[in-house]
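Below sits a lone chain in structure tokens, taken as the form predicted alone.
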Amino acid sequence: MLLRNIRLTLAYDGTNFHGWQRQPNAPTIQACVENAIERVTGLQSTVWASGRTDAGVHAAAQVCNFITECPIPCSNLVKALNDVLPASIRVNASSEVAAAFHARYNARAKVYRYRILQAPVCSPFLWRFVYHYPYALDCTAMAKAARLIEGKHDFTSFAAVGEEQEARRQKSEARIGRAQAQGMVREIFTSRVLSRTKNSMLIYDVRGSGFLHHMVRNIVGTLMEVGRGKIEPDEIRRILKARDRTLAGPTAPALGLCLMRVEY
């Protein structure tokens, strides 16, 4: 039968999952989606995502793709998959794409949003999707520091410990033509801190060519140190140049982070 390359756009609440990537003894988004596809199509398929979200991280529009011989029309596939997926994972769109399309390697940019709730009390209907921090933060200083993240930099200072292993893996893949070797260098197109006083929400929006493991959460943790007055905004330049994780702030909790959009 004719092989089809199917692109899915997913939304999910990552609270009860150990991230995207399939693991042997823990629930993951990838495992749920692959199991749902097998139930619907009767065929096993590997699903490739634009990137591997961490445990507890959410997505509004994660993009993934899989190869299948299944003839089910894409419009019917959306309903069929949603019928068997848990309510915390939804397929919002499905389309047939060119055989060469790969959700990860063809992605040109990703947009993440981190939300910090500063209200005295966090609603039980909101706690899964925000970091509740009901203490003073200097939003102006944070916004100034955030803009210094923009541009092409080596983000070692904002990477997870052991991220060098990921950089080596990328270089290995580049040798077989599957990825562009970029090490710890990424380009950030926009980096903004916004304050919404009406609902006591502080929002960090970042759009970049790609992100290292924990990179956004480490940036947020550092920006919060700026907001607390423990780091001067201009220190961001020094932290970037030093390529030293110990100089940046702590890793912000996963629950406030959401993958908003993937661009191709």
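None of these values were measured; they are calculated from a predicted model. Throughout, we count residues from 1 along the sequence that is shown.
What follows is about the form predicted together with a further copy of the same chain, which we do not show.
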- Item | 4.5 Å heavy atom contact, residue 217 to a further copy of the same chain in the predicted complex | no
- Item | Residue contact check: residue 59 to a further copy of the same chain in the predicted complex, 4.5 Å heavy atom | yes
- Message: Against a further copy of the same chain in the predicted complex, would residue 12 count as a contact residue? Criterion: heavy atoms within 4.5 Å.
- Response: yes
- Query: Does residue 161 reach a further copy of the same chain in the predicted complex if we count a contact as any heavy atom within 4.5 Å?
  - Reply: no
- Query: Just one of 82, 106, 95, 76 has a heavy atom within 4.5 angstroms of a further copy of the same chain in the predicted complex, so which one?
  - Reply: 82
- Tell me, which of 137, 143, 91, 184 has a heavy atom within 4.5 angstroms of a further copy of the same chain in the predicted complex? 91
- If we take heavy atoms and a 4.5 Å cut-off, which stretch out of 68-76, 120-128, 190-198, 146-154 is in contact with a further copy of the same chain in the predicted complex? 120-128
